[in-house]
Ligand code: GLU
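What follows is one chain in structure tokens, specifically the form predicted on its own.
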């Protein structure tokens, strides 16, 4: 009997030091879709070890954003509650010679890097601290130097099969030994992340391709910590291409305008955001999906391109409008009721194809339900008055065609000069829903009043 494959456990690990934006939402989405497609678990890990910058407000905000987007997590924990575990892991690494104390200042390290660059060498740490004797370390500490702690890389080639990038290898001999603990005793990202991945049984780490090199070092840290946890192995990795703008340039300077709270203020649908972010940079077409299940069913790492994923705000707006155009009356009934908008299914089906964002529904409800004085140019006043006189009292779906045909015969007008003055007089707008059903919703009395230049 073959062993049943283990269901994946993935994690999204934002820092509550800012707002959730399209870049990290895409990472969250890849984790969420993979977990759901495989029947696994999606863990939310709050990386709040930086207590100076992390805030409860940002944490609450990112949880609200994920919930709004439809990415509900199966479990959640904060790194700030695990410092004791990190301390134990760090002590194990010290005792087993995997990390070592260093005393260089930031200025001294910067000077080292500049010298190496002028010599045409890679600017990696020279490991001078490994040659310090106990007496020399004591002398530095007595002079007020506090040690930061680096992980001693093996210098070997680390290899893995990346689920997006294929076979990968990192020569750890070309890297600086990473700092795991700062001089003030606080932890950088790497050690807590590895400890938590082991403790939470994370099977897959799905993140941006800017972490590829980090993975080489982290795999060695996984191996070093395996005895401390009894057994541990590095998770599988999937490094996805980063988002760029439609011009191919980095989005980093524009992410402030692409945060979830700002997109929500612009009335962008959460499923429009997910529909776009799930498919850009893949072999699948970008289409408006109204249900997260559709994205789950079509997710596959094999579809993700190695090229950068291009994010275009205009494309997001287009997906948003197409999503609205496909929603049924039952889909939006509660939202219409919340805005005190009536009209029923006839109203929604008539106006939905004219919406870019849902809030546009207010414009069309005002046209149908509220007093309005349409636009009537002086040269069209006589024509509009004639139209009012010729309007049938009982209106149905065929009335528009019959009415305009009669107007054409009586006025001699045709095409734009026939139809546009009627639309402007009845709606105040040059474009909009099909007039055959709109006049039914407006009713004969209101139409006649507007054609005669009155508020109605």
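Numbering follows the first chain given and starts at 1. The shown structure was predicted, so the numbers you read here are calculated from the model rather than taken from an experiment.
What follows is about the form predicted in complex with the named molecule, which we do not show.
Of the candidate stretches 386 to 394, 44 to 52, 411 to 419, 64 to 72, only 44 to 52 has residues with heavy atoms within 4.5 Å of the named molecule in the model of the complex. Taking 189, 365, 358, 86 one by one, only a single residue has any non-hydrogen atom within 4.5 Å of the named molecule in the model of the complex, and it is 189. Among the residues 236, 182, 137, 211, the one placing a heavy atom within 4.5 Å of the named molecule in the model of the complex is 211. When contacts are defined as a non-hydrogen atom within 4.5 Å, none of 26, 298 and 303 contacts the named molecule in the model of the complex. The closest heavy atom approach of residue 203 to the named molecule in the model of the complex falls outside 4.5 Å. Of the heavy atoms in residue 282, none are within 4.5 Å of the named molecule in the model of the complex. Proximity of residue 172 to the named molecule in the model of the complex falls outside the 4.5 Å heavy atom cutoff. When the named molecule is considered in the model of the complex, residue 13 lines it closely, a heavy atom lying within 4.5 Å. Along 190 to 219, a non-hydrogen atom within 4.5 Å of the named molecule in the model of the complex is carried by 193, 207, 211, in order along the sequence.
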